[in-house]
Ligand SMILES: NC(=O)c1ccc[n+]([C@@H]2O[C@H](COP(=O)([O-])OP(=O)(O)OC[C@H]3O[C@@H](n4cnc5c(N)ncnc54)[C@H](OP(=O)(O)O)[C@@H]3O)[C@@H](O)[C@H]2O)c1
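Consider the single chain below, provided in structure tokens and representing the form predicted on its own.
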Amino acid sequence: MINEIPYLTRNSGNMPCVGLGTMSYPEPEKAIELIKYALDIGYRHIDTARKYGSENWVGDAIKMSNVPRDKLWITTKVTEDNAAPVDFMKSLEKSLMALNLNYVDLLLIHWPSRTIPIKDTVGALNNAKKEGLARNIGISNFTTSLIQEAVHCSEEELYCNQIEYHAYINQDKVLHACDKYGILVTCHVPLARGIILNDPIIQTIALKYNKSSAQVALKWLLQQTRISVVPRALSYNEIEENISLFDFNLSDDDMEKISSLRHNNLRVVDPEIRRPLWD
């Protein structure tokens, strides 16, 4: 059992700052086994989505684990295909059925729609919270202008914006916008799908701390303000590594060295059919 993970708080919602991402998982049996193992060793934050196809696996793993529901933080998302209010609620109902849950701890708009007004989708998001189907609500892959629009048309406070953020991309503008409105940031693909793990600077720093490149790259994110991470892990070792982050701290000098890598400005999640106009 790993030590308890620190959490971030907004609107009395306590979200563990490290979660398990479940996008592009292997076959069902292996996926369920890995998710359950994560729960067994101390993960309490599981990130899934209707589009990932992993909600059933998450639900099965939760059912097999001995973790009480009130100790879990489950995040799921409704994608732009279901941005219209009636479709949004149908998607959420399917998610809850797959997860075998009465509510999720965080419900996100997965991608901003190009055809449905944001106010309509945000209205449905608000209704999900009002009806008790989501304890907290938020957005994902939203740019600075979209963040502002979502905040202004939401009756409920938005908990977080889940974005691509890692040491190879500069997200200062989005981070500033989130901070302005008190919105937390969750980093998906925080390791740039493994690309940054071979970076010489990160490897040198990892050797200094006797840690893996992944642990150093994740720690760089966590030592920033109001940041959480949901890295995917496809092995027991990766699951253990990605949560073993709280027995060391990077020096200011090492933080600056890693921050210097952002000039690469590499975006690894950039689907043409749903991407907004990035900042």
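As the structure is a prediction and not an experimental result, all values here were calculated from the model. Numbers follow the displayed sequence, beginning with 1.
The same protein also exists as the form predicted in complex with the ligand; that form is not shown, yet it is the one meant from here on.
Residue contact check for residue 230: one or more of its heavy atoms lie within 4.5 Å of the ligand in the predicted bound form.
In the predicted bound form, no heavy atom of residue 117 sits within 4.5 Å of the ligand. Contact annotation for residue 135: none of its heavy atoms lies within 4.5 Å of the ligand in the predicted bound form. Contact check for residue 37: every heavy atom lies farther than 4.5 Å from the ligand in the predicted bound form. Looking at 123 to 131, 151 to 159, 82 to 90, 184 to 192, the stretch with residues near the ligand in the predicted bound form, meaning non-hydrogen atoms within 4.5 angstroms, turns out to be 184 to 192. Note on the partner interface in the predicted bound form: the residue among 67, 222, 214, 250 having a heavy atom within 4.5 angstroms of the ligand is 214. Note on contacts: among 33, 60, 238, 254, the single residue with a heavy atom within 4.5 Å of the ligand in the predicted bound form is 238. Using a 4.5 Å heavy atom cutoff, none of 146, 171 and 262 lies near the ligand in the predicted bound form.
The partner is not shown here, but in the predicted bound form the stretch 36 to 66 reaches within 4.5 angstroms of the ligand through a heavy atom at 47, 52.
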